[in-house]
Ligand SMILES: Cc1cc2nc3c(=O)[nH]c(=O)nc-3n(C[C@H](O)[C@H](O)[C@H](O)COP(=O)(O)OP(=O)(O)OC[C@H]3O[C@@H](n4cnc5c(N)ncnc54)[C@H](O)[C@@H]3O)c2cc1C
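What follows is one chain in structure tokens, specifically the form predicted on its own.
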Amino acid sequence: MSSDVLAVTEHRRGGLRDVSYELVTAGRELADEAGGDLHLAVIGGDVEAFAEDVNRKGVDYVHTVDRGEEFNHDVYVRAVEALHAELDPAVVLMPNSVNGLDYAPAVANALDLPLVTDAVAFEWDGALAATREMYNSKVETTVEVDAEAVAVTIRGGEWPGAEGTGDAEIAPFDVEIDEDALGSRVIGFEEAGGGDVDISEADVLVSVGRGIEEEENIELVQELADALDATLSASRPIVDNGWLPKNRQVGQSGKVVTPKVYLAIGISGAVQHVAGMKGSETIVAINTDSNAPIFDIADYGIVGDLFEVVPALIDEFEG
């Protein structure tokens, strides 16, 4: 058993997902503590371009598996199995995403590894101790794994994306896969729930909460979003009221976002919402309550009436 870490990157519709770069940061952290190397697996898609892009500072090896364009459960399971047999890593690191949660349990079962899902932090001292959140992120728990090797999925947005150009060796990895044994094939792609935007891809988000009071007042916040060339998002009460569609919801039961700027308007900062946006590069909050929890994580705060502050900001940015 080596002390290495194998991290499995993720892509969708021709592009690497942000969690791929976060896996590099998390994987490097674990590899340093374990005293091993960090290996990345790029499975499917434009493997050569993806491998070059994800070859960031801290990566030791990149292995490409050129199989198909989109995610396939059986291909991923077989590829990770084969890589594990070759590398014998102490940790297999995967994203806690829709795709990651599809194949991670099958990988853990096939390799007879304990599986820890949705980790938000961890330590390694001969074995893994992972931090997980429970009860809508109100309680943190530490899971100590009594095993020399483990499979782990990490929550997106908890680690910063790796930067800096790396010089890791990039090499193709051949995996024998019986096409007749594949239980599924990708025949198309449809965004679940539909929607006009993907807020998880936005650089600037203007997010509205229950402080907006009435549905017709959302138009005011939309004007500010337009002035900032930003995307409009919301906390759960706005979506529950039917004022904005589900695909606009930020939070534990919505989407995890990591924009460069997150402007929270009339949002108190409940733990469920914070869990979905705390990884934002810069957080700006507007709220009448100076004790609102959102100010605990905000980089900049404005204590004031949004119906006065937002029009002033619109005038400023449009001017």
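So that the term is clear: the rigid core is the largest set of C-alpha atoms that superpose within 1.5 Å between two forms. The numbering used is simple: start at 1 and walk along the sequence shown. Nothing here was measured: the structure is a model prediction, and the numbers come from that model.
If you look for the form predicted in complex with the ligand, you will not find it shown, but the lines that follow are about it.
- Residue Pro237 is the only one of Pro237, Pro245, Gly166, Pro114 with a heavy atom lying within 4.5 Å of the ligand in the model of the complex.
- Checked against the ligand in the model of the complex, the candidates Ile43, Ala26, Ile286, Leu38 yield a single residue with a heavy atom inside 4.5 Å, and that residue is Ile286.
- Taking the partner from elsewhere, Gln249 is found to have a heavy atom lying within 4.5 Å of the ligand in the model of the complex.
- Although the partner is absent here, Leu306 is a contact residue: one of its heavy atoms lies within 4.5 angstroms of the ligand in the model of the complex.
- The ligand is not shown here, and in the model of the complex it never comes within 4.5 Å of any heavy atom of Gly279.
- The closest heavy atom approach of Gly254 to the ligand in the model of the complex falls within 4.5 Å.
- Exactly one of the stretches 43-51, 63-71, 260-268, 29-37 approaches the ligand in the model of the complex with heavy atoms within 4.5 Å, and it is 260-268.
- Comparing the forms between this form and the one not shown, the C-alpha position of Gly209 differs by 2 angstroms or more, with the core used for superposition.
- Shown in the overlay between this form and the one not shown, fitted on the rigid core, is a CA shift at Ile238 of 2 Å or greater.
- Positional change of His39 between this form and the one not shown stays under 2 Å at the C-alpha, relative to the superposed core.
- Distance between the C-alpha atoms of Ala264 and Glu163: longer in the model of the complex than here (change of 3 Å or more).
- Compared with the form shown, the Gln272-Asn99 C-alpha separation decreases in the model of the complex, the change being 3 Å or greater.
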